[in-house]
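Below you will find one chain, with nothing else, as structure tokens; this is the form predicted alone, and questions on how it binds or moves follow later.
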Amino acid sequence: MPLPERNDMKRYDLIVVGAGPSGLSAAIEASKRGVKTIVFDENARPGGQLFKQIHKFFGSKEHKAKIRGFVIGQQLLDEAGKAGVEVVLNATVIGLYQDKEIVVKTGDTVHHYKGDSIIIATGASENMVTFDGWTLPGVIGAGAAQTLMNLHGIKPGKRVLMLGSGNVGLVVSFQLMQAGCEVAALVDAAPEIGGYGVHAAKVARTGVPFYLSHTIVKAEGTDHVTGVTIAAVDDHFRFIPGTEKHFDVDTICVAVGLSPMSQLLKMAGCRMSDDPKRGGQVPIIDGHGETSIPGLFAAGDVSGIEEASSAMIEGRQAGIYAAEFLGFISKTEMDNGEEKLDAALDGLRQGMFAPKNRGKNIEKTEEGIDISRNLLCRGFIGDDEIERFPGVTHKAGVHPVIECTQNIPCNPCQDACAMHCIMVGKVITALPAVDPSLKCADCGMCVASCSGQAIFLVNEDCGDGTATVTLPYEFLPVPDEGTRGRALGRNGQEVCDAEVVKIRTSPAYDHTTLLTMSVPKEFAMKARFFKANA
């Protein structure tokens, strides 16, 4: 029997739970079609995880590629404001009941709302692993580290060990170094790196060691973390005696995956599925994101863990679907709006890291090139492996060298090159290739535009026994021209002396500095990072 409607209950055409990338996107699309929409979020500011994300996004222009996450977050907020979306913050939705009634707690007050349609976009929460000492102060999640660094300007620690080699662990490791922390090691029980190779490579070339098939034995300390012991594990994830390694650290950062925050959907009585490939307990939804309860939709990570780019597209789709369900647009209008979004989402769901490929052992790229085993198991491409990829060419003068070796949905480099030296093609997961017959303008736009920091401009022979390597540099302080130091190889080890000969900054580079270093010409294809002398 339906519950009697309360006299003090506020009604809306559409209620969206969650003001992250998916929820805001859904609310925008619905509001633009005349739907009276309200969004609730438990946090003090909208935007969800976007405002923690200082790295540049992958994809193409339609996916907001090469734009930093916090900028995308502000763009969404501006768009929501123009669309007339009502956003209520510090509002925790504590109940979702039959007939689409929700209960919201703001401060010490509880309010009831009713929606003719509801979109759940609550996202995901961080997973945690237990080990001896895991409750000590100093053991934190990667998301917490990002919050401290990128929202509050606080260093999580001085010396950090990262557990987890997925994209979150790799990205946050790099951001920890950007914040001035030292990353002692990156550890994962899996035998292969789980995230994008370009993310791993940019961490490895700074000198951070990777320990795959290792995990934490114990965190050391009494009232806070003072160290950590790791050990190798066998195929059944059992510790191998005698393989223990100790690190002096004050922080252990944990990035071992995410779980959909689907509790409200379960509370509402939606049919659920336990799907490890989608992150855990997720609602069973149809092709329009509608759950088993008519008019109740799910979008973003709550329906399956993916990247924020996918969540935004799913959110926009959900907003269109809700508008059609409520009668604000026709099915034809819904289909027209859905078609373009489907194509954009399909583009992100291709390549080696597509949801359909999770758990598969992929040995070759889509072009038939052997995957770098060194990259998968050690975090960097071997010098003997790099030459087989189409982005690596040799010619006189300055030319791009692209060390992107996996089929990732991304093509900003192609758009950035005014001389058309770089080719990706219509399939955005294709490996970037360089046309050596075309002259590079040395503008640096490809270097700055690469979300994976995998492009270098190289002059292999300057005519005086030296070569120059231009690389993306996002650390402070930026070395001055004339600074002497050491060039590091892809493995983070010192390979030769180096001197900074040019520093380039530009608004077009979006806070990526182009650092050009001079090295002996025999190291032109090996030197990939600069470290100033102490």
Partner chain sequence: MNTLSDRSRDIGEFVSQPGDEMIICRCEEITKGEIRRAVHEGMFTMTEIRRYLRAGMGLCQGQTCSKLVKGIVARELKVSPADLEPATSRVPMRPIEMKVFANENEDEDE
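Residue numbers count along the first chain shown, from 1. Source: prediction; values computed, not measured.
Only in words, not in the display: the form predicted in complex with the partner chain, which the text now covers.
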item: Heavy atom of residue 130 within 4.5 Å of the partner chain in the predicted bound form; value: yes
item: Partner proximity in the predicted bound form: residue 280 to the partner chain, non-hydrogen atom cutoff 4.5 Å; value: yes
item: Distance check, residue 368 to the partner chain in the predicted bound form, heavy atom within 4.5 Å; value: no
item: Residue 135: touches the partner chain in the predicted bound form, heavy atom cutoff 4.5 angstroms; value: yes
item: Single option in 193, 458, 186, 264 placed near the partner chain in the predicted bound form, where near means a heavy atom within 4.5 Å; value: 264
item: Among the candidates 92, 243, 357, 336, the residue which, in the predicted bound form, approaches the partner chain to within 4.5 Å (heavy atoms); value: 92
item: Which of 382-390, 337-345, 231-239, 256-264 lines the interface with the partner chain in the predicted bound form (heavy atom within 4.5 Å); value: 256-264
